[in-house]
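The chain below stands alone and is given in structure tokens; this is the form predicted on its own.
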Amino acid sequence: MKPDNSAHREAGVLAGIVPSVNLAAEAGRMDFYERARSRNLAPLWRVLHGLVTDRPAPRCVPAMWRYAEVRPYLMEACQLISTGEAERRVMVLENPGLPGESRITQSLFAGLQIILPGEIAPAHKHVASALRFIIEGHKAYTAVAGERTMMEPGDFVITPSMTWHDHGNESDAPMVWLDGLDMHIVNLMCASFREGYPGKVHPLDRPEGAAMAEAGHNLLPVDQVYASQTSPIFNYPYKRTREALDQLARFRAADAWHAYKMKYINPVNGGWAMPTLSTWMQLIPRGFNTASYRSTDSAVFTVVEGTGSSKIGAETFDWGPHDIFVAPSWVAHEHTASSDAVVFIYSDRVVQEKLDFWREEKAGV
């Protein structure tokens, strides 16, 4: 009779089993494991290698969403459900490696939100912080903590944690933006709260442009106290961002790995604009090829202008305006611009930096 190797097979197929564990001896330990399980105990040595990996092992994969292919679904969603019923009419960008989890990376959410003329997305607030990156449309607004701002393509708009916010479209055309949220980080910490506002919109008690007047000109009110870690500026207009990139490119050589890449900052402390989401805008000149780069933060890229291609791991994606793609943690990527290209990027780098997790690797260094 052949020996029963079922226990050996069970141990061997455990993806995280420590290589030094004696598989031949595992058969004699199964009764112990079962008795321990009855007391809610489990042997670390069977899973340690999968818990503390030699290097990042992302479940998300390189992926791309072509806007021309996605937009028809947004328009069809408008025919199927109202903002009143849906509250937020959003099509989630689900990473193919994380199906059904509403994740574009393991820590980040991304979705495309659409509001039709005359519609209002009702006011609510939640612990999760959100960014809005405007894809198409004009004369739609978001109201945050009692102040309204009009939104234009390329604008980076912030909704801080636990602030009332609603959105509306006063134009005659659809408005589409990318929603990026840290909800998966919040849920990991089991810290989520959410409230709906009794009315459809929250009252406005500050004039439009107040936040920019207070903090957007390298000056701050002398006696004002800013308790939040989020930037007091909640709309960073694309026009200003584009001008800053152009001016930088006039006198500074392009970085080998990033070309011209500038981060959005909080003018109060000079840090990242948001406490849980890092955000940048990147200019890649025509014909420029960035050197291979990887870091531990998975990143979401949204093309604003231009065309080009990106090699992410073994995948190559050709892209144009409004296309969205993702580079997972510790997967090398490089970009080539066939015309002057501008790309918006967000990731969880700021969280990793605060926890001393973050690491990068530049090819050739």
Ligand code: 1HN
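Start at 1 and count along the sequence shown; that's the residue number. Here the structure is a predicted model, which means the values were calculated and not measured.
Just so it is clear, the following notes concern the form predicted together with the named molecule, a form of the same protein that is not shown.
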query	finding
Any non-hydrogen atom of residue 202 within 4.5 angstroms of the named molecule in the model of the complex	no
Residue 113: touches the named molecule in the model of the complex, heavy atom cutoff 4.5 angstroms	yes
Contact of residue 215 with the named molecule in the model of the complex (heavy atom, 4.5 Å)	no
Contact flag, residue 140 vs the named molecule in the model of the complex, heavy atom cut 4.5 Å	no
Stretch in contact in the model of the complex with the named molecule, which is absent here, among 126-134, 249-257, 73-81, 291-299 (heavy atoms within 4.5 Å)	126-134
Proximity to the named molecule in the model of the complex, single hit among 206, 242, 88, 263 (heavy atom within 4.5 Å)	88
Interface residue in the model of the complex among 181, 281, 176, 233, criterion: non-hydrogen atom within 4.5 angstroms of the named molecule	181
Stretch 133-165: residues contacting the named molecule in the model of the complex, 4.5 Å heavy atom cut-off	165
